[in-house]
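Read the single chain below, which is given as structure tokens and is the form predicted on its own.
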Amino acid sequence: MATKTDTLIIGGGVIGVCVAYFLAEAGRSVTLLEQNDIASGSSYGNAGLIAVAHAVPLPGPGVLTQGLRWLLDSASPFYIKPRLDPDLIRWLWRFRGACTQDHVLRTIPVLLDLGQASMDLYDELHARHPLDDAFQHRGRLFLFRTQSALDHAAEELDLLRRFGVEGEILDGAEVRDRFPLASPRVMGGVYYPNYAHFAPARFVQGMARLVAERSVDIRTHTEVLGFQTQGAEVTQVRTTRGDFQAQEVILAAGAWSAPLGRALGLRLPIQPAKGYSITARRPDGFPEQPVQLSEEMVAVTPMGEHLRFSSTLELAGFDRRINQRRVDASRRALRTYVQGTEGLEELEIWRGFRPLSADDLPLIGRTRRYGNLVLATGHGMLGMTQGPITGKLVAQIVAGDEPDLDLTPFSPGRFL
């Protein structure tokens, strides 16, 4: 006999637990399924940034051309592994269509609103609950070794200022005032105040404990095998630990949303964007200041007693192999930009898959095909940034309430 619940959430990362939290706050009966452990995917090893000012979408003029130049270099910041994959080809075609200045200008205010709404909710959650996750508001400092890269960053800051984003351009001395460990090779920087950072897995695990206290039924090590449908409804979800029936089904499975969507006849334009991180013991005296090693696109984030440095993305499908060249490139970048990091005690090398949509906007909302299915996926590299507001918006969709934000830019209907 199938287990029955009001709302069934598929996915135990930041999106899934935030959806569970706001549904539980609204009094819904909720069951959450996770194929591994809570925060075992991208919510575990990411850069731990709440990046409100990170609002320029990945697709833009010239980006695909740059990606093609990087294509043959597996150590490059944006690597696309050559392969004949129909899903990748369709994704690249849609990505190409979004590589316009018009898309950039339309997307920036949308991402800013989404990020700021989430930041406000992060502040509320940390004020209400004892979440032991090293949450800090310290902004983010972008470090540059070359004048050309700094000039490009200044142009991006000028663009973002048109939408109300605050930032400062710094010379080398001003950079070292804020971050004394900056290498002599660093000749300038850009500081954005509207960032926060934390230990992401600790946040997600803390939220999972909160929702469990609110009677959310969390089923870990429960893998979804398939679905039964009837007409315009998902009637049953089949798993390795039994079947489930729900009035509402929320698909929040990150990069695994695309293969699960195919089981429902939905082609979600989401690619698993593999990212890497190295977590080390934080050296004594390392500042509480996240920095970006800009030319190499490596984020460095203090997380309590740990220090994490992480690289950007690799489109190679669900290939779990660790590309040692990419890991070594991150190590070299850290030593180049930051003094005193030669002898770090490394604790873990991680890789994981982020759900990157073709236009770099999440899919949040109901599908046309199934009236009781809500998508909450495709957040790319901003899943931690957008987690709480996504959870609140999904809860409002389920309740039939007026959403806090206009959902039109996130509608699955733009693709499906």
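Residue positions are given as counts along the sequence shown, with the first one as 1. What you see is a predicted model, and the numbers here were worked out from it, not measured in a lab.
One more form of this protein, predicted in complex with a small molecule, exists but is not displayed; see below.
Using a 4.5 Å cutoff between non-hydrogen atoms, residue 381 counts as a contact of the small molecule in the predicted bound form. At the 4.5 Å threshold, heavy atoms of residue 41 reach the small molecule in the predicted bound form. Although the partner is absent here, residue 48 is a contact residue: one of its heavy atoms lies within 4.5 angstroms of the small molecule in the predicted bound form. In the predicted bound form, at least one heavy atom of residue 252 sits within 4.5 Å of the small molecule. Contact with the small molecule in the predicted bound form, defined as a heavy atom within 4.5 Å, holds for exactly one of 108, 329, 224, 157, namely 224.
This chain appears without its partner; in the predicted bound form, the one residue of 337, 203, 95, 276 with a heavy atom within 4.5 Å of the small molecule is 276. Here the chain stands alone, but in the predicted bound form its contact with the small molecule, taken as any heavy atom within 4.5 Å, falls in 5-13 among 5-13, 20-28, 391-399, 404-412.
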